[in-house]
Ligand code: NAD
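Form predicted on its own, single chain, as structure tokens, below.
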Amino acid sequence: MDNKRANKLGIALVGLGKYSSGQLAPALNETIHCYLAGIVTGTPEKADKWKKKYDVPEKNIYNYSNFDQINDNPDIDIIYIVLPNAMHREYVVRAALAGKHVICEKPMALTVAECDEMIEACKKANRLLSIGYRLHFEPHNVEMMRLGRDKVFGGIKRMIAEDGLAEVEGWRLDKGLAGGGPLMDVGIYCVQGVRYTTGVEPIAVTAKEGKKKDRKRFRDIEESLTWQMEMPDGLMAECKTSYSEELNLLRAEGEKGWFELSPAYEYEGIKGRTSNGNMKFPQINQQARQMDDFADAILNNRPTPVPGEMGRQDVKILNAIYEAMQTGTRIVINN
């Protein structure tokens, strides 16, 4: 092993789509505690390209047929699941059975039962499970947590969380693979934002599907959705997500002022301000920070701040929002 990789944990990326190629692989060039050790892909052309670009040894390249043989590979300590949502459960469980620590992209799974199976598999294998919540390591979002939980501007009286994309393609439009529409993909950031800013859990939700402009394209999934998360102490969080409109806001209004991020959830260029002025924090590589923290948690035998249980709670809330949308009723969430 060369010096660059000495004392680092090896990560294998499973699924080499846009997020792996555009964000995770470049981030692994910047990480301190981990490095890109292997890849899993069903496309031989991608395997060749990645092998050359990232100097991945042939023995660390797998496909979906021989994936389970990864258990014999000491170069790989962590498996990062970057597959369509419907495939998360299967590959997290298989990664745990292979004796590897696991990072799973969000949303963790399609149902709470799947999340329970994933958590149990990792516990049984005595391996850490983390969800790819990069914003927990991004300074502006960390500041939102501090301002909200420490009540710097008094108790929060109102929250607005919006995240949407004007254009989307591929498996995200397939309900079988995605489990839903923009709520599962980008709306989850709104759920997360409200949860980590307030530090409390929603007790009920109401929701309404937006009017579809393109019925053919969004035949099986929502094109847009608005929902309300009822929090303890009477706070109502107003949320919106879309696959036909650019949205990117996390705002909290307190008794003594306000604070917000806009854009709030991007990979870079996040900006924050408060009623006292602009937030001044550096732009960082969120994915590098996220993966380094997980590797450090393994090396130092400590919990990850973004565990499977956090992902499970989000899936429970997402499912409640869909139920509220479909029934037109207020759905109580039992925490």
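In this text, residue numbers run from 1 along the sequence as written. The structure presented is a predicted model; accordingly, all values stated were derived computationally and were not measured.
Quick note: we don't show the form predicted together with ligand NAD, though the next part is all about it.
Undergrad: Where, among 75-83, 212-220, 136-144, 155-163, do residues come within 4.5 Å of ligand NAD in the predicted complex by heavy atom distance?
TA: Checking each option against the 4.5 Å cut-off leaves 75-83.
Undergrad: Pick from L9, A320, A25, L16: which has a non-hydrogen atom within 4.5 Å of ligand NAD in the predicted complex?
TA: The option sitting close enough to the partner is L16.
Undergrad: With ligand NAD left out of view, which of K106, K100, R195, R94 would have a heavy atom within 4.5 Å of it in the predicted complex?
TA: The residue in contact is K106.
Undergrad: Using 4.5 Å between non-hydrogen atoms, is W171 touching ligand NAD in the predicted complex?
TA: The answer is yes: W171 has a heavy atom within 4.5 Å of ligand NAD.
Undergrad: At 4.5 Å between heavy atoms, is A125 in contact with ligand NAD in the predicted complex?
TA: No, A125 stays farther than 4.5 Å from ligand NAD in the predicted complex.
Undergrad: So, E260 and ligand NAD: in the predicted complex, are they within 4.5 Å at any heavy atom pair?
TA: Answer no; every heavy atom of E260 is more than 4.5 Å from ligand NAD in the predicted complex.
Undergrad: With a 4.5 Å heavy atom cut-off, would you call K46 a contact of ligand NAD in the predicted complex?
TA: Result yes; K46 sits at the interface with ligand NAD in the predicted complex.
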